[in-house]
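Next up is one chain by itself, shown in structure tokens, the form predicted on its own.
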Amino acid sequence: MNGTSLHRIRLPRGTALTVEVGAQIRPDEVVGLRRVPMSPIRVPVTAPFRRQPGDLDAVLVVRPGSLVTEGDPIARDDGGRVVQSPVTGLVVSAMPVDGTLLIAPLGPEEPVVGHIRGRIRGLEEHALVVEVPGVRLRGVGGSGDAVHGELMIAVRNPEDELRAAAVDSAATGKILVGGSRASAEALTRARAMGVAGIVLGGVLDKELRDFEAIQRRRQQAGGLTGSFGILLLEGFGKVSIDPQMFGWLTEQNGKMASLVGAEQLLYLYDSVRPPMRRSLPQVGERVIAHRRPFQGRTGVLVALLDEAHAAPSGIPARSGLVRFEDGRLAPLPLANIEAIVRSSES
């Protein structure tokens, strides 16, 4: 869709905002500051009062989830004696077994970047509500962080695979548009080269699992920095991007974009409306299939079949005859295909 839409920027717990309602924000703008909790420390609470560990709840003046500053009272007995927090941090849990409190010290202050362009419409708990101008595309799958960068077309054709050799230093900070899939090697190289994100038609499950396993190992080793997002436009497996959509994305090459992988969203700013899709296609219209074995493939609906045909599930369904780009004819349930229409028709 284009025009404007509302987006929620998720804020990590403990974020102190640096922007206000009504402000215009850029994708690279810092919207808040936070201090990340580190490994918790154990603070004795009942022992200084010579109380039993089971008396912990009776003397606590803070609860799990509270933020405390160094020197703040965390417990007080009937005689007015207090136990103070030795650090500034987040109260993680109370331990009545040994009468202690777990407190996670806060690390250095870190910026929280919104990765979205627009006007702040309001505040919610742990979220900024932003009115985003431009085009919003919703995919069928995605993963990773919110990122932003210039859109960069990395393949020549929508059915091409994104190869590791095609990812070089020119892609650093960009959101790459691949084709039908990307190998785990290509995804890993893109991450290492500082690519912000990748848009694909599809991806093989095994490749995605291998890539995520590599990222977990690097994160555990402390060698992984920056953010990275993946968006799938058509489906899972090797699925080419619809040629009309790929052509439209090619026209947006070099424009600023925001990708929110976990929410399966891509925002493109200063862009015209993309090809749209609608259900109940008519004979003669270009269509795209949404179920295997033709998932992600496009063709033309050449006829509506008078009799119901069995879908892959075995359930009879109203169907149409589709001629795919390679000339193959196949009956498909109408519920499994959508018409691809030009912007002027939508």
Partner chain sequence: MIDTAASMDAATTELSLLVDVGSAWTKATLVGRSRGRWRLGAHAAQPTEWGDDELMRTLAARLVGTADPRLTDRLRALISDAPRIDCHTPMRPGRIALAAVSAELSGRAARRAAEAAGWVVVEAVTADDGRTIAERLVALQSVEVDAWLIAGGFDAQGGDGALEMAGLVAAARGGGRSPVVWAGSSAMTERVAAFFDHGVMRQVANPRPSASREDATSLRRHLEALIERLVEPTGVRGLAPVGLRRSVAELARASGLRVAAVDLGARYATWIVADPAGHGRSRVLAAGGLASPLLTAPGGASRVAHSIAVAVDELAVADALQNLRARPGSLPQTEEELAIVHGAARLLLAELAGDGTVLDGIDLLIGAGRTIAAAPTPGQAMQMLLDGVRPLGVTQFAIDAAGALTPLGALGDDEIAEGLGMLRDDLLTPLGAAVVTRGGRSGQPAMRVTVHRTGWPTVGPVEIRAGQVQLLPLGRGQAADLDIELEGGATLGGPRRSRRVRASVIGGTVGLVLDARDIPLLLPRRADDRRAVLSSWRDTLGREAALPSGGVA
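All values derive from a computational prediction rather than experimental measurement. Numbering follows the first chain given and starts at 1.
Separately, the form predicted in complex with its partner chain exists; it is not shown, and the next lines address it.
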Contact segment among 71-79, 196-204, 160-168, 252-260, judged by heavy atoms lying within 4.5 Å of its partner chain in the model of the complex: 196-204
Does any heavy atom of Ala47 come within 4.5 Å of a heavy atom of its partner chain in the model of the complex? no
I'd like to check something about Arg51: if you look in the model of the complex, is any of its heavy atoms closer than or equal to 4.5 Å to a heavy atom of its partner chain? no
Taking 4.5 angstroms as the cut-off for heavy atoms, does Asp57 touch its partner chain in the model of the complex? yes
Taking the shortest heavy atom distance, is Val61 within 4.5 Å of its partner chain in the model of the complex? no
Between Val113, Met152, Val129, Ala94, only one gets a heavy atom within 4.5 angstroms of its partner chain in the model of the complex; which residue is that? Ala94
In the model of the complex, the residue from Pro275, Gly173, Pro86, Gly237 with a non-hydrogen atom within 4.5 Å of its partner chain is Gly237
Given a 4.5 Å distance limit between heavy atoms, list every residue of 242-262 close to its partner chain in the model of the complex, or none if there are none. none
